[in-house]
Every structure is written in structure tokens, then in C-alpha cells.
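The data below hold one chain only, encoded as C-alpha cells and taken in the form predicted on its own.
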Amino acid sequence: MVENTPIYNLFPANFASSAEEAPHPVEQKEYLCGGELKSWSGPFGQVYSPVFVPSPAGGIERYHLGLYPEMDENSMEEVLNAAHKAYDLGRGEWPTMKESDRILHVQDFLNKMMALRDETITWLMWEIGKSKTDSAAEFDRTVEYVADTIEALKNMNRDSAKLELHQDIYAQVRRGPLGVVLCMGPYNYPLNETFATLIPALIMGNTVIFRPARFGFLLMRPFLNLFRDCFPPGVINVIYGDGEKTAGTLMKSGRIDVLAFIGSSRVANILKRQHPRSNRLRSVLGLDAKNPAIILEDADLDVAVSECVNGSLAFNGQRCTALKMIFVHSSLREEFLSLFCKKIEKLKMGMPWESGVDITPLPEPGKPAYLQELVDDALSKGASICNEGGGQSYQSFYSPTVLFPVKPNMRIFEEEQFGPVVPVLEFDDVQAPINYMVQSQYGQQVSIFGRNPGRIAELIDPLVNQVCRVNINTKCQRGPDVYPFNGRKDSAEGTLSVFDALRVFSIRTMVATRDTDANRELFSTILEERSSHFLSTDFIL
């Protein structure tokens, strides 16, 4: 790496004058357990930013953000007991509370959360390297998700506020909580993806043990007071530390009822296997993906190029929904690659707080080296780097890199890169990308680019049985959050959306009786006196 290359000069040379005001290092010494912020007296882990700053000793170093509790196996018993005490086998205050009252608690949390917007955006920039624009969008989308969840529960409540009569049996069917939930979110969306499981789990009456994302520990610190103040003691508990010592210990206890995890399938499999009563464990998982784009011979190249650049490189390609493989028809390959690379070469690399920045530092310390391994492997087997500036790295930066031609014997063909490396393959017969998807261990989404209705229709029918979302002339993505978000094979378990998440964190439960005069009178009395929260025809407006 020569010192005058652009990638070498991206970090601020004069930190005090050129950087957005950095957060002061935080000593996160508390964890939330049983409604109390408890001080941790054990060892601590260090948190460093992906942003490098001038070092007093010369050169540059990662900016030190603070420390967090390295909680251990022994402390997990305390947290488990707090969550189980709050749930109390379904008899606790929270699981038996009226849905309207649980909504008030979540609404209170949402109202107070708004005051944390600026602080949260700062932590997203400095702890995971997300651009200021994307950080603001993540916070605002999370706020919208929580508000939409509240409205979805109100709708569910209204739909279930009735008695049904079938075959001489009166019944009321509602949804009830499942128990104690272990919630673990991902570092790429440590707020939004986490709250997409955390909030539905809470609002449905479960109690939660929450471990923030490994790059996002300090991000959640300002929320601890809100969790404590807005929910009854023990309803939500927040832990920190190594996954094996915390999540692994909790799973081995057999006292976790639901695993809500967004991350790799490898880790998910380890956690699930550790539970001694797997038949009693419900899993809600968002996992790996290797979503392909298929550029047909009649595709609109302006649309395909624009969508594929954004789809493969938004937030440095660190999205499970990113386009991680591009199949382009041989008749368009040369023109597509030319336009694609030119557009990528215009992307701005820089600090998260810089205006218009597209490519930012990577939070995983070992990620640039891993990406280089993938690139070197592909180059050694016949691929070339197609874009100017591709294949360069410095500290936590890795420049966008387009590889062509990619072949099945290359690691990048199967491994999920989760970074700014874009493999491109050409095809003559569309059966080639279809075979790739059939044989892949993943099955989340695909993007198809073309203009022939008959051709598109021929592809839709087989591909909807390989993935859970087929995108036509647009990139792969999660939103809008009202749509189901799931996957086949190793890509997911359970369905998440504003509507579906309420269902995966609950179970249909009913109260029933035979249609007799005595039973009708009994039910009528309970309903008139409003003595049961479950058996009730009241509904939330």
C-alpha cells in the first residue's frame, strides 16, 4: 500500500478539527436485572471504534469508546431467576396484564426513546461505522416499527374480542405469551433488527433477557434507564459479555422458552443444540443469505446497474439482504460490467459523519483480511478485479471490489462475504442461476431484472419455491416492515414483520364451554363484571 493512495488518507489527520464530535469513552459498568441497574465487579471488555485516529505515540489507532461488563456463567443464574420471577409460569403481572395496559408501557417507552435520537445516531456512527444518513434512517425506521407494532396489536385485539359458536361450543380465541425469551440482535442493524424481535416479544407478554449485538454494546447503554423505568421489574433484563458464557449458559439451563437470534446459522445451530429440551424451544431466527441477482438479456441496464450497486454495497454490503452474487446474461455482460464498475468507482469512501459518504470503515477487526482471502483465492483461480481501486485495504477499510469471472471452485461462490466484494458470473442458459439457487444452502431472496412478462413469469413460479421473496427489477430488501421477512433452508426460521412477529412470539389459546343455559350465564357474568382480562369482549380503539 503506497501512502498517497486515496484509501490511505481517509482517516482524519487532524482528529480534533475534522471529526464529528466523538462520544466520550463510556465505562459501562451496569447491567439490568430485576428492574435494577446493578454494578458489575468482575472483568471488563474494551470497545474500540472502526474509526482510526492519530495516536499520541505516532501513527494511528482505533478510537477507544469504552468498556463493558464481561459477565460470566455465575451471573446468568441471577438474570434467569429475575426473568422467571417476572413471568411466574404465566401468572406474573406482565403476562396476565391487559393488552391495552401493555401497550401503554410500550408507548411510554417509545415516547421517551425519541429523546435519544441524536445520541443513538452518534453511537451508530462510531461503534459500527454506519453513515450518519443511514444511522438516522435506522433510528427513524425503528420508531416507525414500534408504532406500527402497537397498531397491529390493537387490530389483533379487536379481531379477537368476540365469542364464537361452532358445533355447540362457545369459545374465545386469543394469543398468549410463550415464556422467557433470549433476544440477540445483529451488529449491522443493532437497533432496528433487535427491536424487531424485542418489542413484539415484550408486547405479547413474554419476559426478555436481552444481549446487545457484539458491536453495539455501548449503543444500548442510554436505553437501560428507559427499560428500567417503562416496564415492571424483571420484564426486560440486559446482559453483556461473551456469547458462550452468557447465551450459551442460558441455553444450557433449559429455562429459555424462545430463542430470538439474528446472526449466522453456525451460531444459531450451536445455541439450539445446547438446549436440553429442544422440543420446548421455539426459535425465531434471521440468518445467512447469499442473495443473487439475475440480469436477463432484455434487462433495462440503467435500472439493473443502479439497483445492483445499491443492493450489493449499501452499508458496505453488510446486510443479510444484500445482493451477494450477480448473474448476468453473456450478451449484456461487457456493457453491464462497464456501467457497473463506473458507478462503483464514483462511490465515496470516507468517515461516517461525512456528507454523501457511501463506503465506511468495517467494524469487524478481522473482516478486511478475510475479504482479501476471498479476493486472493478468486484471483488465483482465474478471476480479475474489474473496477479501478478494487482490492485495496487499509486498517478497517476495504474498497469495493468487483470480481469476474467467478467460478464454482472459488470460495466467493459459496461463502457469504458480508462486505464490499461483488462476484459476477455470466450465463447463457437461465437454468444456471436457478441451479445455483437450488443447490445453495441459503434461500432468502432473489432479484430478477428483465422486461419480458412471459420470461419473468416463467422464472417466478419455480423461484418462489426456492426463496421467500422474488424481487422484480429491484434490489433485495427487508422492508416495508408490513411484508413478511423470512427465508428457507439456512436463511431463517419463523417469519418477521409487524404483523407476523406478534404471532411468532405468542401462541393461540382459547377458553371454551358447551352451549348450555348455565354456561351462557357463567360467561355472561364474567364478561359483564370484566373479571377476566382474557375472557372479554372489550377491545382497544
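A quick note: this is a predicted structure, and the numbers were derived from the prediction, not measured. All residue numbers refer to positions in the sequence shown, first residue = 1.
One more form of this protein exists, namely the form predicted in complex with glyceraldehyde-3-phosphate (G3H); it is left out here, but the text below deals with it.
**Student:** Which one of 217, 123, 398, 189 is close to glyceraldehyde-3-phosphate (G3H) in the predicted complex, taking close to mean a heavy atom within 4.5 Å?
**Tutor:** Answer to the contact question: 189.
**Student:** Which of 172, 321, 265, 157 has a heavy atom within 4.5 Å of glyceraldehyde-3-phosphate (G3H) in the predicted complex?
**Tutor:** Looking at the other structure, the residue within range turns out to be 321.
**Student:** I'd like to check something about residue 54: if you look in the predicted complex, is any of its heavy atoms closer than or equal to 4.5 Å to a heavy atom of glyceraldehyde-3-phosphate (G3H)?
**Tutor:** No.
**Student:** Any chance residue 68 has a heavy atom within 4.5 Å of glyceraldehyde-3-phosphate (G3H) in the predicted complex?
**Tutor:** It does not: once glyceraldehyde-3-phosphate (G3H) is placed as it appears in the predicted complex, residue 68 has no heavy atom within 4.5 Å of it.
**Student:** Do residue 485 and glyceraldehyde-3-phosphate (G3H) come within 4.5 Å of each other in the predicted complex, heavy atoms counted?
**Tutor:** Residue 485: contacts glyceraldehyde-3-phosphate (G3H) in the predicted complex.
**Student:** Classify residue 35 as contacting or not contacting glyceraldehyde-3-phosphate (G3H) in the predicted complex by the rule of any non-hydrogen atom within 4.5 angstroms, answering yes or no.
**Tutor:** Outside the cut-off, so no.
**Student:** Would you mind picking out the stretch of 486-494, 41-49, 55-63, 473-481 that comes within 4.5 angstroms of glyceraldehyde-3-phosphate (G3H) in the predicted complex, counting non-hydrogen atoms?
**Tutor:** Result for this chain: 473-481.
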